[in-house]
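Take a look at this single chain in structure tokens; it is the form predicted on its own.
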């Protein structure tokens, strides 16, 4: 079975659900969800999967461009929730105790549509708060985060150390997971400043009860360095590329061992 594809619904079907013709308005022909492993750096066993949206449409553009276009058209929340829903539909196929990590913007984090979508499977969901623009109302974001946690979901700060997702952002959100940006990992084995910064984030995480996930691990040297710095979890091409769910679950990374208490779940 291949990764899930949602065909463009007919406009009349969209109207019956009370939503605009989302895909038609954006020129999207299909939405596919692929998955990338999040692993324990100690033994390379999977602890979770990140769901990533891929689009096919009249334009050949990366996923971020589709989400940006949807936002400019006032359809950003609808497209994000549609992608979240498509990812969650695969959750029954993902063995426990693996969690499913999904990206949402700060605005969508407070959406009633999102809360309805994760109500039920929330305990296995991590919502990664992406921050491509500055958060202007942290009080509102914290209320949204509290609502998501009441549904059982955990919250991650994505791309920490890049753009607007600095340490101040991490402190104000108090996430369950801190995901280090790929820019902090590239060349870390040769860069003492990056190692110091990652070590500082690790110390902050321990103080706040968060876990740290290093993104963009591409070399063995990076992996060894991150282990030395005490980073427990990671993802990147060295550990597994985004692929279909079936290919991922049967890859050579090994299956999670729920009885292995030494692998702390983030």
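Predicted model, so just to flag it, every value in this text is computed and none were measured. Numbering follows the first chain given and starts at 1.
Below, we turn to the form predicted together with a small molecule, even though it does not appear here.
A.B. asks: Just to be sure I understand the contacts: of 77, 189, 176, 128, which is the one whose heavy atoms reach within 4.5 angstroms of the small molecule in the predicted complex?
C.D. replies: Only one option qualifies, and that one is 128.
A.B. asks: Which residue among 98, 88, 151, 182 has a heavy atom within 4.5 angstroms of the small molecule in the predicted complex?
C.D. replies: Of the candidates 98, 88, 151, 182, 182 is the one lying within 4.5 Å of the small molecule in the predicted complex.
A.B. asks: Please name which of the stretches 226-234, 195-203, 24-32, 51-59 has residues with heavy atoms lying within 4.5 Å of the small molecule in the predicted complex.
C.D. replies: Contact-bearing stretch, as computed: 51-59.
A.B. asks: Can you tell me if residue 218 lies within 4.5 angstroms of the small molecule in the predicted complex, counting non-hydrogen atoms only?
C.D. replies: It does: once the small molecule is placed as it appears in the predicted complex, residue 218 has a heavy atom within 4.5 Å of it.
A.B. asks: Would residue 40 count as touching the small molecule in the predicted complex under a 4.5 Å heavy atom rule?
C.D. replies: Heavy-atom contact with the small molecule at 4.5 Å: absent for residue 40.
A.B. asks: Against the small molecule in the predicted complex, would residue 108 count as a contact residue? Criterion: heavy atoms within 4.5 Å.
C.D. replies: Judged by the heavy-atom cut-off of 4.5 Å, residue 108 is well away from the small molecule in the predicted complex.
A.B. asks: Does any heavy atom of residue 71 come within 4.5 Å of a heavy atom of the small molecule in the predicted complex?
C.D. replies: No, residue 71 is distant from the partner.
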